[in-house]
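We begin with a single chain expressed as structure tokens, specifically the form predicted alone.
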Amino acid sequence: MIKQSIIEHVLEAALSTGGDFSELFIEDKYVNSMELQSGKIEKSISGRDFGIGIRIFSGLQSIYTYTNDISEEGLLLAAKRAALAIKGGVTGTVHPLQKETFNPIHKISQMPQTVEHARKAAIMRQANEIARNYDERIKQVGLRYLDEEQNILIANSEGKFVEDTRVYSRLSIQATASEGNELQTGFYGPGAHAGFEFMENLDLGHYAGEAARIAVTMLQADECPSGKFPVIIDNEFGGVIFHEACGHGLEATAVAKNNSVFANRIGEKVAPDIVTYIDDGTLPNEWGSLNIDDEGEKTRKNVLIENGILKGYLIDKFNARRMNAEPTGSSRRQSYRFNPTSRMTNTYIAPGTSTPEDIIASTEYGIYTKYMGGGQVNPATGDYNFAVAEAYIVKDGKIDRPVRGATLIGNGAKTLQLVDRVGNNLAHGAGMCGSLSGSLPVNVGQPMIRVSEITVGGTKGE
């Protein structure tokens, strides 16, 4: 992308006023997106984004800037201007850059950039037909196709020099059902760190059919009761609660400043023995996976909670200084415009020994949530509320009638302690996570679990 000699000069300029560490993040990204509404392609956008982020450390001070000017003069000017924010300190040394190589974990068979738009549009139209033909009450279907190719180069004053290519593909499907004055929607958005082969191998019958089924099912649903109930949370997207309410609390972004209920608790019992919580960026071709993080560290499997005991955090390079710890390959950013920090990749509760049938059969009365919706979390306290996209009453050990309007309300750390059953059917769901360093592809995952008590907000009353 840029000559190595220029990179070295820029790293040196960034340290000119007393910084002890400097880094360049160079990004060249291609994005294609298409939207289908009412059976027609309404929007098709292709673009390229190129830029460079420059970061400087001086002790516990961090400076970040970025530029689109890739000339040597422009880069040197940006680095020197950023360096002016550093006063005093011991000036670091730029070590000779040593190119690192690795074996890519994520096999890419078809680069999306080589695929004609017509083939991409054909998949969208096929999914549209499947969803529309599911039921006559499906009145509208919207789809969004996305593929990205992100080429990055990371170099720093410690001598790191590493490149990677990341390829993402995703198809989002939303179906709307209508009956009388009632409208309900269903959504499914499968994605992967993979090429166009992912799209060609998608089970469109399942994904488009599920989006439509959710919408139709919720048309028939009764209003959800409110109160405190045992809650069964199904696999795949059910993991979003613990991603938001616990996962963010295990990121060094919060832990390093003691803004987390999990800060300074390594070795403590924070969950039942049946709970093991993992973040693993190495899962082949999963939506949240990476070969290397955005500081050039290889991703890894980080066990955060093991058999109920808090074992570790997700740590980036800067917060590692604050915590006197080692980075965990967990630094991420949306693009060169964002300063990286600790973020999740594929975070999930490890499978247990219970079967889904046993979990349901052992529940006398409660709420079964098949698919979660969006929600809000206070990362400092872990307090959350989440809408449920599809829910059912459980009665006498059986799934009974569907209910709508359910909201789960609680505290992540406390909910974690109330998990009393963990199933054996682990599955991952693709989503986007927003935080300080932008919006990122992540997987949320878990097997079916049961929480002995959660406050359920509903419109029917108790």
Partner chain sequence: MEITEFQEKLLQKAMNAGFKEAEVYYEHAESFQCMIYDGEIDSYETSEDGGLSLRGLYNGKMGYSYTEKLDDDSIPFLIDSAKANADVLDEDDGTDIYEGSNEYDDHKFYSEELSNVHIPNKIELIRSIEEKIRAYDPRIVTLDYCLLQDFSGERSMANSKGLSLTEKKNGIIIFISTVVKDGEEMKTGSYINMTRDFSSLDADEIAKEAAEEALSHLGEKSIPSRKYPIIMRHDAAASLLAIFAPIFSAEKAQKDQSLLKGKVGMQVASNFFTLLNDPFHPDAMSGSNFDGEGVATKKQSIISNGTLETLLHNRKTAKLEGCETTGHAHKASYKSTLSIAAQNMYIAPGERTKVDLIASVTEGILITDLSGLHSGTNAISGDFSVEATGFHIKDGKIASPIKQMTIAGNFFDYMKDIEETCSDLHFLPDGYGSPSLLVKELSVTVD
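The structure presented is a predicted model; accordingly, all values stated were derived computationally and were not measured. Residue numbers count along the first chain shown, from 1.
The form predicted together with the partner chain exists for this protein as well; it is not shown, and the discussion that follows is about that form.
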{"query": "Residue contact check: P104 to the partner chain in the model of the complex, 4.5 Å heavy atom", "finding": "no"}
{"query": "In the model of the complex, P351 touching the partner chain (heavy atom, 4.5 Å)", "finding": "no"}
{"query": "Contact label in the model of the complex: V456 to the partner chain, heavy atom within 4.5 Å", "finding": "yes"}
{"query": "is_contact(A361, the partner chain) in the model of the complex, heavy atom dist at most 4.5 Å", "finding": "no"}
{"query": "Stretch from 373-381, 305-313, 282-290, 188-196 whose residues place a heavy atom within 4.5 Å of the partner chain in the model of the complex", "finding": "373-381"}
{"query": "Residue (of Q140, Q126, T355, N151) lying close to the partner chain in the model of the complex, criterion heavy atoms within 4.5 Å", "finding": "Q140"}
{"query": "Heavy atom within 4.5 Å of the partner chain in the model of the complex - the one residue of R300, K269, R337, K160 that qualifies", "finding": "R337"}
{"query": "All of H95, Y277 and N425 with a heavy atom within 4.5 Å of the partner chain in the model of the complex", "finding": "no"}
{"query": "Residues in 204-237 with any heavy atom within 4.5 Å of the partner chain in the model of the complex", "finding": "S226, G227, K228"}
